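Structure 1 and structure 2 below are the same protein chain in two forms, each given by itself as structure tokens.
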Structure 1
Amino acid sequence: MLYREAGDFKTTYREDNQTFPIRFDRIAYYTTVAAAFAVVPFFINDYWANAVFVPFLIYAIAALGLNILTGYAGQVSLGTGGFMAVGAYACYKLMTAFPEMSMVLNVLLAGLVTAGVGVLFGLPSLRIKGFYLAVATLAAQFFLVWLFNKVPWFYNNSASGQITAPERTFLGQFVTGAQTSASAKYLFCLAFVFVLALVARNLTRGTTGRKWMAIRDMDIAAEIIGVNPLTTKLSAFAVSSFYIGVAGALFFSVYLGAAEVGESFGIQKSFLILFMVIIGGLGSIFGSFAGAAFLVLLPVLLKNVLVGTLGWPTDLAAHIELMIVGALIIIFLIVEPHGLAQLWRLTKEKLRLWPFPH
């Protein structure tokens, strides 16, 4: 009897439009946010921050970005790694060129730069569709990685081509570099996630989101009812790339601290983030989080269980971990092809009906 919408009437369209129309959801959401901001920072240590929370938050941003492009606007992209690299290198150049600039500004500007690059590589989407486009975005992926690897200006001529994040502060706290505390890292990323998720939610429930989804579901019909495919697709590329750029900037500066383009932003990253989006649920904000959590946490968890608890040799554990992750992906898809978000939705639908079967 916990989960009911009955008796939860809306009297205005404004109320009906809110993100969580059901009271229970609303409460759960506020509790989560409050806990994330006010409780977790006090308990977080280096391990939880660096191995779990920070990567989860950053991947969530990237997944949100890709979900906007792929899940909402229907443009399959495998260039995510490359776009993250743009964010990372833009951030690096900004950090080193303007040491006094606020880190928040650095990250946001890096996002904007990425948005520009994203629009450029989004242009072919006007002609190329479906998996063909996916493969075409790989051109962006490989070219960008090559570019950052080749042109010394991007890595300030360092001998190896590695970029290392200098120390920067925000509100007097270190947020990058060796002296950053676990909670500062976490909060810095969390703030970005919080705002960006809200923005994503707002964009996707409004006009822009509907345009994106219309193009996704049936581009021809969308165009006939008045959606301009050019601006719509490019806006999706821009917004999505912005998110991914921010994620790349944070990934490099806050999380890793140093990066090499081929290793950190290679094609594997593109795939990983696409997995997150699909596993989580295409076209779902919650799904982006769920997918990121799943793919960040699962390997860590499996490793801890197989090696830590069961004491298996690491290589055997790693191979079996691969098998388990693969099998789980397949099982999840079979159980619910539309991702964890849909699974969650169905569970709620069942709860709502409970104790009646239908």
Structure 2
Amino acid sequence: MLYREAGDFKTTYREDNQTFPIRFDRIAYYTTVAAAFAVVPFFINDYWANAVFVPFLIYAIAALGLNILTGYAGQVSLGTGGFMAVGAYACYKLMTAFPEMSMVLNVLLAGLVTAGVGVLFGLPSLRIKGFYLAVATLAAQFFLVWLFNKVPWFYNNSASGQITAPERTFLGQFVTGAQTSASAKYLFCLAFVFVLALVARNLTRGTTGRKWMAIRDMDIAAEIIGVNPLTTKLSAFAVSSFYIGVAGALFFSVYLGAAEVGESFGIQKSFLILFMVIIGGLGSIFGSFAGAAFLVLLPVLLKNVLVGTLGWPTDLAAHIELMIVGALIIIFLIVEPHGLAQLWRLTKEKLRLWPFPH
């Protein structure tokens, strides 16, 4: 078998602590990244971009953000949809107020605004945790949706209450608006995913990540050994909200083009991203991607099979799709509560030992 550690020697601590210590993993990773940047853009079309690749990339960023907060820091949040709305509306205000500003800066600044809001709503985590913190973040979800609905300044006094992304270019290519090509949208989102995933991986493996995990595992013991719960919890809320704000800005400007807060960023969005993290695996970078892929690809597959192949009515197929997704979530929680990431880890362990028994 190719998946072996035998003969894969390390001569420095840097090599021993790298993200992919096994040569096969490194080759697979670099091949996947090279194909994503250099091959997929030449073959992608509007259907694959809008139905699969762009939503997968954006949801992967949001799942990364929630996983940092819930999986690594142990702070439960049900306000992801509301924080995505903050990123979307901040991006919209920046795009309309500063038309000459780079689209990359619009998205990053929207993330920073969301980080500030996240820290504000993260303050209750210093006093409450568990179910009570989940209720507090749920209240933040409803408050933010209400705020963006009721204050006309956020949607520039539009009669419809919708926000619409103006056309913007990056490196000579339209990335928002009707003229945007499938490859431009895909590459713009992919660049953000690549950088943010790399940052998340390094954060979670460094001092900051160890503090988050110490607070998650036992906050009293962590405080005794010198971990400051104030800065640690608020930094988790800030980083998580930044990621979710970036996802919200991309979801509005690049993917949807126009949005209404109640429909696009309601409570169902919060639960969808939470399910991605649960199915993918808490406390796992790979799990965030696996969960996002699962819940983006599965509905597309079911729709093609039920409607396209079997010819079922669209409304019936939509209800069956919800039932199947819900049942699979329950099965995952019972059979493998650590998600797809744990299944992937077990598979790799068995491959490393094959054909010997484990």
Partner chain sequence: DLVVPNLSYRTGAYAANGIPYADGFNDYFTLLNERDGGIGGEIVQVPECETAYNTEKGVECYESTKGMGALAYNPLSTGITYQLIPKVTADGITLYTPGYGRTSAANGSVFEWVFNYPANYWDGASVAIKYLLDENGGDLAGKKVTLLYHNSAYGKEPIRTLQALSEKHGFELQAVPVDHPGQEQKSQWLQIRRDKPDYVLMWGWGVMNQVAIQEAVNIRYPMDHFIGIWWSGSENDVKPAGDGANGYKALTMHGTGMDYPIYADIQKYVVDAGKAAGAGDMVGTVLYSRGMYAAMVIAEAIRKGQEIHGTSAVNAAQVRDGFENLEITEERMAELGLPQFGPPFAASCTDHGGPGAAMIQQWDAAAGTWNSITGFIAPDDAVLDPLVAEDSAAFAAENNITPRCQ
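Superpose the two forms; the largest set of C-alphas matching within 1.5 Å is the rigid core. Residue numbering: structure 1 sequence, from 1. Note that the structure is predicted; figures quoted are calculated from it, not measured.
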Problem set entry | Of structures 1 and 2, the one that is the form predicted together with its partner chain | 1
Problem set entry | Rigid-core frame, C-alpha of Ala51, shift of 2 angstroms or more between the two structures | no
For this session: After aligning on the rigid core, report the distance the C-alpha of Thr314 travels between the two structures, in angstrom.
Result: 2.3
